[in-house]
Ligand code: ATR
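One chain is shown next in structure tokens, namely the form predicted on its own.
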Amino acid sequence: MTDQYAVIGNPIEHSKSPQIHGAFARQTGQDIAYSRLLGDLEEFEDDVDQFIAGGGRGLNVTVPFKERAFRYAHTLSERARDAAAVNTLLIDGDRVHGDNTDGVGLLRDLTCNHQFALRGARVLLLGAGGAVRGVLRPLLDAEPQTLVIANRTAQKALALAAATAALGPVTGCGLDELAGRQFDLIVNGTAAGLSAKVPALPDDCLAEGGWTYDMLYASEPTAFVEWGRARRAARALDGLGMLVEQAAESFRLWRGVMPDTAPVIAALRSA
């Protein structure tokens, strides 16, 4: 019997998850069907209940429901607790387990697909919302020299840094406090790119040979990718690889097999 999976969000028609998981299933010989669910902004929990009642085995969760999925799950992984957000639901009868695969997705894309050396690097993480919370601990586990969280509202960055200070060399500040500092890697975890904007950064904050990484992706280079290219970043990457890698981790959790992500990323790039 074909097992049912889906991605739930609002909006959802743009999601590449069905293509990605369909490719994973063909590659690994798994008998699954994967669809998109447009979640009701007021009735997310009812939508998930109905999916489970219909025999659903797992869900990916995207904007704006990750925090609600965190509250919905009966049990949580450590990385979901760290992020206070869930992007993967595993359904076992009437029990639902929540996990967050965003951080491992970012790390695999950076270190496995692109061979960036995070250990000893000076890292700047832009934003202080759910996207940043999801990747903060994995970045710190990679042992950077420093990790600075910078946000338009400095207090949010300071609070997030204080909450994770025991995990590594992390500090928080406002964007206006970055003058005179340089970084080997700048990761954009803000939603500014959705409106073709870039956080207000000093022009010289990217070190020579430094990389930029936008957690967003689009069919054309994002505003932050263009920002990195204009400042001669050694690599100016978008989040498509992260999308595929976090999906692969979800697939592994559901099916117990790890797919090969390289051909899936290549196919999406060519499309």
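In this text, residue numbers run from 1 along the sequence as written. Everything numeric in this text was worked out from a predicted model, so none of it was measured.
What comes next is about the form predicted together with the ligand, which is not displayed.
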Margin query: Taking the ligand as it sits in the predicted bound form, is Arg122 in contact with it (heavy atom to heavy atom, 4.5 Å or less)?
Written below: no
So, in the predicted bound form, is Pro144 in contact with the ligand at a 4.5 angstroms heavy atom limit?
no
**Asked** Quick one: is Arg81 in contact with the ligand in the predicted bound form, heavy atoms, 4.5 Å cut-off?
**Response** no
Notebook entry, point to check: Should Val104 be classed as touching the ligand in the predicted bound form when contacts are defined as heavy atoms within 4.5 Å?
Noted result: no
Among 95 to 103, 108 to 116, 146 to 154, 72 to 80, the stretch whose residues bring a heavy atom within 4.5 Å of the ligand in the predicted bound form is 146 to 154
Assert contact residue (the ligand, in the predicted bound form, non-hydrogen atom within 4.5 Å, options Val170, Leu185, Ala192, Leu178) equals Ala192
Checked 41 to 73 against the ligand in the predicted bound form; residues with a heavy atom within 4.5 Å, sequence order, are Glu67
